[in-house]
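For reference, the chain that follows is the form predicted alone, supplied as structure tokens.
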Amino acid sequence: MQSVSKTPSIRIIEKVIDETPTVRTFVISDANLADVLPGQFAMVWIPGVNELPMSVMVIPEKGKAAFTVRKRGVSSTALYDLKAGDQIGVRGPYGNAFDIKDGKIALVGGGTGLVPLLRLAKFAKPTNDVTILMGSKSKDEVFFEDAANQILQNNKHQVIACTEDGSYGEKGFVTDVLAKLAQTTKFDAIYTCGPEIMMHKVVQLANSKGIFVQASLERMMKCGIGICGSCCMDEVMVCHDGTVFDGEFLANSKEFGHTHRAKSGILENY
């Protein structure tokens, strides 16, 4: 059974991997986080700045954990700018996990939303036939393609990169490519993580075809343990009751794919 840290443990960044011009992966030693279940997350503290909820990236070395961040806001940019030898705080793991079904499964991710999906791929059953769809804007923003093939080397699988501008792989939104595949392929389950509008379309498609579907939601999280209420969605706390929710629950949500909460807590439309 995993122990759960509720106060940050200080870890030294051992290695920094440049994935794209705006995305980096940071590697630390942490035996507890190295073995998190697919879908679980950690709270990562950037000293003097803020704390961020982050999925834990798969890393080959035993006892290692990693976090992949895109330079965007103040906090993510502060993390992105750290170097090997700098310190961060980590606590967790928190949240539930994906329910991995038998048969043919599709993993649909956009950007850093691929992180929990690659961990799911690591936990795939030997009999799973896995299709990974990776969405990005352009060729320069495609990452984790080699990692996905390596993780799934013992499974029947295919990795499909999708770029909005058509500069690499399949042209178009990842949801369009999934819809096209679903016309000829019978998936037993679909799993998704990434921008909520993308996930909403994935869940709608799966539900319309009667396919089991789960999404790992990214919402405003400040505490990670269901106390502060920042990640409230409908009647649940995403950090405490999720972050993984199934298609039946999401189909009845009044907020999923429609509204989200700002830092102040007010509802804003997508």
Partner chain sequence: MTPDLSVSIGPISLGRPAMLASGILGISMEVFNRIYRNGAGAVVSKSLSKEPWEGYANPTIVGIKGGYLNAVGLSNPGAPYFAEMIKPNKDVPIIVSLVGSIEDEFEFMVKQFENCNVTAYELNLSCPHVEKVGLEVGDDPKLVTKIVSRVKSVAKAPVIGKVGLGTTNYLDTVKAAIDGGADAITAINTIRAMGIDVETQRPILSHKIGGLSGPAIKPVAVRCVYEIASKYDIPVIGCGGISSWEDALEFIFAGASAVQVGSAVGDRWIDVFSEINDGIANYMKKKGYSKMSEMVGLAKRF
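Residue numbers count along the first chain shown, from 1. The structure displayed is predicted, hence computed values, not measured ones.
Here the subject shifts to the form predicted in complex with its partner chain, a form of this protein not shown in this document.
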Worksheet item: Taking heavy atoms and a 4.5 Å cut-off, does Pro47 contact its partner chain in the predicted bound form?
Response: yes
Fill in: 4.5 angstroms heavy atom contact with its partner chain in the predicted bound form for Arg91
yes
Fill in: Non-hydrogen atom contact Leu217 with its partner chain in the predicted bound form at 4.5 angstroms
no
Worksheet item: Any chance Ile227 has a heavy atom within 4.5 Å of its partner chain in the predicted bound form?
Response: yes
Worksheet item: 198 to 206, 234 to 242, 27 to 35, 63 to 71: which one contacts its partner chain in the predicted bound form at 4.5 Å, heavy atom to heavy atom?
Response: 234 to 242
Worksheet, complete the sentence: Partner-free chain; cross-checking its partner chain in the predicted bound form, the single residue of Gln150, Gln87, Thr77, Asn155 with a heavy atom within 4.5 Å is Gln87
Worksheet item: Within 4.5 Å of its partner chain in the predicted bound form, do Pro8, Lys254 and Ile266 each have at least one heavy atom?
Response: yes
